[in-house]
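Starting off, we have a lone chain in the form predicted on its own, written out as structure tokens.
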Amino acid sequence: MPLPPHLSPQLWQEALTRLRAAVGPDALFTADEDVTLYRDAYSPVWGEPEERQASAAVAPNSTDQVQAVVRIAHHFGIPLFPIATGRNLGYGGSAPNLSGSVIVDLKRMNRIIEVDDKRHFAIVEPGVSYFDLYRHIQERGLDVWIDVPDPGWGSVMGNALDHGVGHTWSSYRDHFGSHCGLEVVLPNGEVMRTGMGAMSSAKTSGDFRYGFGPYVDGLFAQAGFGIVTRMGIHLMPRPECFLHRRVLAYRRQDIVPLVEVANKLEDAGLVGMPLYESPMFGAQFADKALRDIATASDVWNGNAIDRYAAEKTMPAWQLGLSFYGPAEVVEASWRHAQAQFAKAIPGAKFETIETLRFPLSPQAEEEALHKVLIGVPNLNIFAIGARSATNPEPADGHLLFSPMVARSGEEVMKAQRLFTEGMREMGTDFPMSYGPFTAPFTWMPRIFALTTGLPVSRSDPKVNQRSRETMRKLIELGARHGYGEYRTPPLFQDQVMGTYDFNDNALRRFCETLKDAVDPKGIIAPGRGGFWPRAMRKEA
């Protein structure tokens, strides 16, 4: 494993001795077989000189131990890279931005400090996973839900701090947006609390995120201004009833009114996360005629898609709608939604997918069709990467390209064409990465993500090289047309931050100024978020 930058072997051994004393001999990992576990399992530079690798890992079990680790690192000038559970697959895993950093593995800090099902919040440490919090709530019969991502094995805190997202109401599925109050170890080892937690006598740190004065919490998300050791998060009251219904639309252009009506319903608080899909996306793998349509140069006018839909009675689009609340309320909301879609989309059809009443029995929960829509963590997402007839040689991992697209059907179709034709011009051969059936993801409120995955291989460097080159070109292409990414692996963070270029990259320069002020040695996650302390900027 690489040594921390600019540190002699002698000083490194002295630092390790002090770290071992701070956390105990069983919580410091220096052997190659241990440290290699912190590599990015989906690294697009696996086994190459550019791969980001740690020098060691340390696993404190309390805020006091985190403080001790930070102070030792500050004394020796050792960069640290904090992780919660290290499950950020597709966006960097547990690997640092700077090779030679020491991983601060916070998974031993897994205490659920409080869950209040009357005021609807939880306060957790970084090692608490979605499974942990869900189990805690279920065992105590508490009347709250958590909003979960796919998959559910990651950290509640870690996901929020990387701007992660979920699947229920808009006010909960933006996980950083629903957080409330942080406890942070700063680069000098001092502890700070934000929001109402900054008042030592307050009992409302899980209720009111702002407190008094500047709102600084955003500095600790996708950035290296401190190590967060505690976080509050707002929870959703458990509803009486859940309806999942579907709208079917049979023309390509129907996505325009489909989005317009869904936006109104969601922004009025009548539905949860809209789930857009195209049945033709999967059908094209089995039907050569549909594949030919999808790759034809005139596909964008929609005529061939509309003819195929009419002939096969197959929708061009389908929209899943989730309703939460009292039974009579959600049924009325669904009737209202049906009327709005029928008026806006001639020929639209409707399907009943699922109706649930809570609390669920264990068997009913197991049989639920879309567990993430009802706040149940699971690992079903990994079935997508399994070997199958349509995926005979699954990759070892993937890169996620996640451009933000305005929430309109016109913008979806515009971005589909841009990225599809852009990839063809790049000469890439990743089948169906983008196309006329690419549906928007709606995890973030008030915005779409037109996300796609590029394959990663541990055995074929050429696959990784092609994916890296494609990723960089997609980032540049998207930025040129105003589509910025919201999240990306360390290898691409400098480039993505560079695309936020207003006023000569004023945002990055401001972040650098703050970094130089609070962390001039670059102790906490240098390079995280695409900006570096002054001493390391030439190394970026």
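Here the structure is a predicted model, which is why all the values come from computation and not from measurement. All residue numbers are counted from 1 along the displayed sequence.
One more form of this protein should be noted, the form predicted together with a small molecule, which is absent from this view; the next part is about it.
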*Can all three of Gly86, Tyr91 and His167 be found with a heavy atom no more than 4.5 Å from the small molecule in the predicted bound form?*
yes
_Close approach of Arg528 to the small molecule in the predicted bound form, 4.5 Å, heavy atom_ = yes
*Distance check, Asp162 to the small molecule in the predicted bound form, heavy atom within 4.5 Å*: yes
*Looking in the predicted bound form, any heavy atom of Ser101 within 4.5 Å of the small molecule?*
no
*asked:* Arg209 versus the small molecule, in the predicted bound form: is there a non-hydrogen atom within 4.5 Å?
replied: no
*So which of Gly181, Pro82, Gly375, Pro79 reaches within 4.5 angstroms of the small molecule in the predicted bound form, heavy atom to heavy atom?*
Pro82
*Which one of Pro403, Pro149, Pro440, Gly325 is close to the small molecule in the predicted bound form, taking close to mean a heavy atom within 4.5 Å?*
Pro149
_Stretch in contact in the predicted bound form with the small molecule, which is absent here, among 315-323, 460-468, 286-294, 222-230 (heavy atoms within 4.5 Å)_ = 222-230
